[in-house]
Ligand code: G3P
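In structure tokens, one chain follows: the form predicted alone.
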Amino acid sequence: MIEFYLDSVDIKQVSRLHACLPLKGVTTNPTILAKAKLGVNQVLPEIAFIIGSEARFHVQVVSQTVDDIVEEAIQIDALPYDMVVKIPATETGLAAIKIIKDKDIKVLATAIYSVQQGIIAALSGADYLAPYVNRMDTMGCDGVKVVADLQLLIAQQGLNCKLLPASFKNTLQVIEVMKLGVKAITIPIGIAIQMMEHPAVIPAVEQFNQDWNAVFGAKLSYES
């Protein structure tokens, strides 16, 4: 089954959506944490309590050199949770990924904007790739097509790497990448809520209730 993540550290909304969605965990980045004014050691215990011991967390390094990224990755991996270290797929990041994979640490190569960038990260040992679908679209690229090409190359090369597409503006983008057979995906809170909603649903349910009450009143189904 696809790994379903929320790209958020909003504790209230994570709790709300965990009740109705099959969440694997959450993905974070420095911007998400900075906007929430919450650090890793503040949010992970609360979200782990909500989702459970099987929750997986993707946490991004902020270090800038290879040696510092490697050391930060070791410390992130040492946190008492199922951790994946996010590393931008830059030249520096790719060099760090090669070293980190020798230490058996799970890695997500993030900020993927092209097929070539993604496949190099996969060949360097990344366990996950995060292509930025909508960000590519806004730059004039076809984000879904990039995901499709990466999925094809990973399968052709027999790589043990999962695509974890990110950056979505609407539910259509989400469904299009899911149709490609990706093994993981992360979506913002607003998109997750939209996926459960449709303007025709509430009127349909209200009609069901009206029809039932007209005949059976306050009785429940098993009492009728």
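In this text, residue numbers run from 1 along the sequence as written. As the structure is a prediction and not an experimental result, all values here were calculated from the model.
Keep in mind the form predicted in complex with the ligand is missing from the figure; the text below concerns it.
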### Contact test in the model of the complex: residue 162 vs the ligand, heavy atoms, 4.5 Å
no
- prompt: Looking in the model of the complex, any heavy atom of residue 132 within 4.5 Å of the ligand?
  reply: yes
- Item | Contact flag, residue 29 vs the ligand in the model of the complex, heavy atom cut 4.5 Å | yes
Exercise. Verify the contact flag for residue 183: yes if a non-hydrogen atom of it lies within 4.5 Å of a non-hydrogen atom of the ligand in the model of the complex, no if not.
Key: no
Among 167 to 175, 192 to 200, 61 to 69, 43 to 51, the stretch whose residues bring a heavy atom within 4.5 Å of the ligand in the model of the complex is 167 to 175
Contacts from 35 to 50 to the ligand in the model of the complex (any heavy atom within 4.5 Å), listed N to C, are none
